[in-house]
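Only one chain is included here, represented as C-alpha cells and corresponding to the form predicted on its own.
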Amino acid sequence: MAKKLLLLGDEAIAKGAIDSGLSAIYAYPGTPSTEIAEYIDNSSEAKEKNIKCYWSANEKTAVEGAIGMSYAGKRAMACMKHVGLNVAADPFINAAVTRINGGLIIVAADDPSMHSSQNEQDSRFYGKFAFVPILEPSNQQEAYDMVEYGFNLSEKYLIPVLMRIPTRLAHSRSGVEIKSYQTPQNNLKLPDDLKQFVLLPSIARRKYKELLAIQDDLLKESENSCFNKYIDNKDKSKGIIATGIAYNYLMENYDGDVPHPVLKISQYPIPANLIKRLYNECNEIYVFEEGYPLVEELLNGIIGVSKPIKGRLNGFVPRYGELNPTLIANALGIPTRTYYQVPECIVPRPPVLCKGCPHFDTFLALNEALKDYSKGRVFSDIGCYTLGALPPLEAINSCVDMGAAVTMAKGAADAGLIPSVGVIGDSTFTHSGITGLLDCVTYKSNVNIIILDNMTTAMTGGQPSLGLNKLADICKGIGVEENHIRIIKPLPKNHNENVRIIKEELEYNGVSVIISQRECIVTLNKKMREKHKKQESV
C-alpha cells in the first residue's frame, strides 16, 4: 500500500525534492514560500542524506548558489516569493542562457490578493521572458510529482525550470501519495564545456541561439505532458481553459463532471495544438487562470481570435484578486451557495505589532525625537515594522521594496529634505540595505538610518538573521564613522535616553546609523519555553 502524507503544497514540493535527488536548497524567507525550505531544514531524512539547506542573504544570492550547485552537477532548488524573483531576475534569466549542468528548479510562490505582499505579479511572465519551462501544479499531489519531473526535464534540456505556486495551494493541505523509490543524488561532475557559464558576448550569442533552438522541443514536451490534458465532452457551446489551481476550482463547481470540453494547463509553454483543438471545436472560449491573463493574452497569436474569448481581460472574471470557485461559478452561470453575512457589528481587527515588540518602543522614541520637525520624513520597507505606518504610531511614510528605506532616505535628503530618516530591519538590511548605505557613505549623504535589530527574520517565522552580532561592524566596514554608529535598547525605561540619542543624530550633518537592538518577543518567548521544557525533562 502506497504511503500517504498530509502536506501543505509547500511541503509537498519540499518532500518531492528530498525524494528526487536534491543536493541543496537555497532560499530567502517570504510568504507564501517559506515552508518549503523550513520543511527540508527540519527534516531528519534530509539530514541523513546530507541535503544542504541555506537561508541566503537575498533571493539573488539564493539563485546564484543554486546555479553553483548545478554547475557541479548536483540537483538544486532555489525558493522565494514572487517579488523575490524580481531580486533574482538577473541570475534567473541568465541561467537560461548559460544553461545548467545538474537539474535546477526555481520555485516562485505568488500571492494574488496581496495577503502579505506589495503586488500581485504573476511569475509565469518571468518564465516566458526567460524562455524556460514553467510548471504550475493544480493540487498538492501534482506539486509533489512535478519536482522529479521538473528535475528530469531540466537535465534533459540542460535548462532551469520555474515552478509557480499560489498562496492557496502553498498553504492548504491534502493527502499526497509518496513514491516507493528514492532517486539518488547526482555525483559531482563539472560541465563538459568549462566555458559554458562564461557569458562573454561571443559566447552568450551562441548560447542564446541554442536556447531559441530548443523552444520547439519544449513546446512538444508541453503538448505531450501528463500535466496538460484535453478532456472532451459533448456540450461544445463553450470550451474552458483552466490553468493550475483554477482547474481545481472548476472541478469543484461541477463535482468533477464538466459538460463542456476542458483544457487543463499545468505546464508551459502553452500547448498550442491543444488550444487550437479547443478553439476549433467550441463556440466560445472561457479562460480561468490564477493571476494575470497570460494565456488569454497569448490566444490571439496562436489562433487569431474571431470567436468570443471570456476571461480577465474583458472583465468577465475580475482582473483584481484571487480566483476562487465562486467567481468561476458566477462566470459560468452556476448557482452558488448563500453564506451567512458577517454582522456589521463585527469590526475587522487590523494587524498590530505584538505586545512587547521592541519596534513599538523604537517608534515611540523616534516620533518624539521628530516632533519639532514637519511630518513625512521617515522611509521604511518590508517587515513587521511596516505596521508602524498604522495607528497609533503612524511613524513611517513609505514601504516600496526591500532596502528602499535607505536609498529613498538618501534620495529625499538629496532633494533637500533634512533630516531624512530610513528605518530598516536587520534581515532586510543584510538583504539589500547594505549597498544603499554604501551609496550614502560614498556621497556623504545627510541621512539617519535606524536598523531595527530584533535578531531574527521575524515576519516570516523567525529564520536566522545573517546580520546577527555583525551590524555595527558591517556599518563601520562600509565607512560609517564609528562615533555615529549608536546602539540603543528599546525599552520603556530607556525612552528618554533613546530620544536624546536620536535627536543628537538628527542634528548631525552626515551619515549616522542607530542600531535599535532587542530580541523579538516571539522568538525570545519560544526560546524560554524550549529552555523550560529541557529543564523539566532533566
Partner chain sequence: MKKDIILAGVGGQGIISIAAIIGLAAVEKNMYIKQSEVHGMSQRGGEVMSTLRISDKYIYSDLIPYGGADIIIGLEPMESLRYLPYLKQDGWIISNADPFVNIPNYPDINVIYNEIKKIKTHILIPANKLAKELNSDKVVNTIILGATFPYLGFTKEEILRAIEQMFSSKGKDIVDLNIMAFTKGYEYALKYQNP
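Owing to the predicted nature of the structure, the values given are computational and were not obtained by experimental measurement. Residue numbers count along the first chain shown, from 1.
What comes next is about the form predicted in complex with the partner chain, which is not displayed.
- Screening Asn273, Asn314, Asn283, Asn324 for any heavy atom within 4.5 Å of the partner chain in the predicted complex leaves a single hit, Asn324.
- For the options Ser306, Asn187, Thr338, Ser180, the residue carrying a heavy atom within 4.5 angstroms of the partner chain in the predicted complex is Thr338.
- Highlighted residues His171, Asn248 and Ile346: every one comes within 4.5 Å of the partner chain in the predicted complex, counting any heavy atom.
- Among heavy atoms of Arg319, none comes within 4.5 Å of the partner chain in the predicted complex.
- Not displayed here, the partner chain is approached by Gln140 to within 4.5 Å at the level of heavy atoms in the predicted complex.
- Among residues of the shown chain, Asp255 is one whose heavy atoms approach the partner chain to within 4.5 Å in the predicted complex.
- Although the partner is absent here, Met459 sits close enough that one of its heavy atoms falls within 4.5 Å of the partner chain in the predicted complex.
- Of the candidate stretches 330-338, 292-300, 401-409, 421-429, only 330-338 has residues whose heavy atoms lie within 4.5 Å of the partner chain in the predicted complex.
- Using a 4.5 Å cut-off on any heavy atom, the residues of 349-368 that reach the partner chain in the predicted complex are, in sequence order, Arg349, Pro350, Pro351, Val352, Cys354.
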